[in-house]
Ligand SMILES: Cc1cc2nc3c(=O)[nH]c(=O)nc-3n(C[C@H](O)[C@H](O)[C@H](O)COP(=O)(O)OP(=O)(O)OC[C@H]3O[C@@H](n4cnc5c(N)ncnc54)[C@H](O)[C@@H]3O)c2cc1C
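Presented below, as structure tokens, is a lone chain in the form predicted on its own.
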């Protein structure tokens, strides 16, 4: 049995070599009595900017753990380490064929686990391998044409490939540790295992994806890029196979649908195939950008410090007048804002950071919840149409050139224009951003910004820039599935991940992919 101790604190200037002595002192032990010391979590407490602390959680062993627990019975920060909760292992499925659609985290982890169960796995991705995908994205950012099948939304790694690579999740599940360790095995920085808010960064994530692809192929997974799911075949009331690229039939026993939240043509195909879908709430808004040192100063009281990374923030406010939540989303410290469009004639913005988070600015989405009442339709694809409409409005507002519409934050509040200083690629055009959002969303943002200023003094100021429009916060619909993971409409079809409406971010999507693989193996052994 090991012990876990939380809330061990060091000042910014104190070295981590002091941890054993600090632990031993707090427990009345000699440092030599601590064995197999392991760092579990490291975070920053900046509530008192004059005394910022590094806060640790550690695990360790001692000769008589029962005695230490007894002696420290009143210590709320000390506990024994319980063994991890068991997760049902995959059922063996040799010789059964499964098609996995999509190479985001859900699809990648589903394919890896299905192959380890013995299934014959075909993994298809409409986009390109990450290196070729990066070239297509950079061409677009340089003013070239948009490739609708290879862009920030589509390609190896999914939409998260061009992001901050955040690995935070509110899911408390034993698979969290498994996913993190797998990412480290594929080349992610080891510190993601103990960071309070782990991230890989877009640059490191690309290298992880290449190693994961090699592992999948070494395990026997067939991978096809530039291959789009365009239809599903049914026979005898269950899935019989998939139509790929319009005319290629592939028979299979099951299909994992992990297409991501921007696969609008796939959603339409599913609706036409009478697969049960339902619209759901999501959020839209703008992306705000500040100088990195300004956000550091607000959060830390310092523009920079060698012991502190780029500062993060999370803001939320409930607009009681409108009955909507307003919140920051996908905050990218030390990053850039990019045009993340996947369709011609539309503009979508997103943020991304490299691992070092050392760019000159920090950015975050500021979004407002929207739902069925805003879509004015019961059609499950109404949310998709809603997104597309406002993306087209943003495209028009920026002169229909592929540039991004922008406005100083203060100008958005008072209805004026001003100079635009932003990292956004490929280019920014001055616009009235109230014209690229529903009136209710613009009004909610204007009511929320003074509240955010009270939380972060300096947030609403002349250096803050807004860019629009941010619409792809999550899937606008859900592909309905049973508790055992199968589509309610078609046995053998398994919706998974963020695009199916069951995850939000890299970690939860990866975990859903593993759980879906488990459901598939159970299903394959039931008939």
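Residue numbers count along the first chain shown, from 1. This structure is a prediction, so every number in the text was calculated from the model and none was measured.
There is another form of the same protein, the form predicted in complex with the named molecule; it is not shown, and what comes next is about it.
Within 4.5 Å of the named molecule in the model of the complex, a heavy atom is found for all three of 103, 107 and 152. Listed stretches are 404-412, 349-357, 293-301, 388-396; the contact stretch with the named molecule in the model of the complex is 349-357, by a heavy atom cutoff of 4.5 Å.
Of the candidates 279, 342, 93, 163, 163 is the one whose heavy atoms come within 4.5 Å of the named molecule in the model of the complex; the others do not. Proximity of residue 229 to the named molecule in the model of the complex falls within the 4.5 Å heavy atom cutoff. Within 4.5 Å of any heavy atom of the named molecule in the model of the complex lies no heavy atom of residue 119. Using a 4.5 Å cutoff between non-hydrogen atoms, residue 126 counts as a contact of the named molecule in the model of the complex. Contact annotation: residue 509 falls within 4.5 Å of the named molecule in the model of the complex, judged by heavy atom distances.
Heavy atoms closer than or equal to 4.5 Å to the named molecule in the model of the complex belong, across 248-268, to the residues 258, 259, 260, 261, 263, 266, ordered by sequence position.
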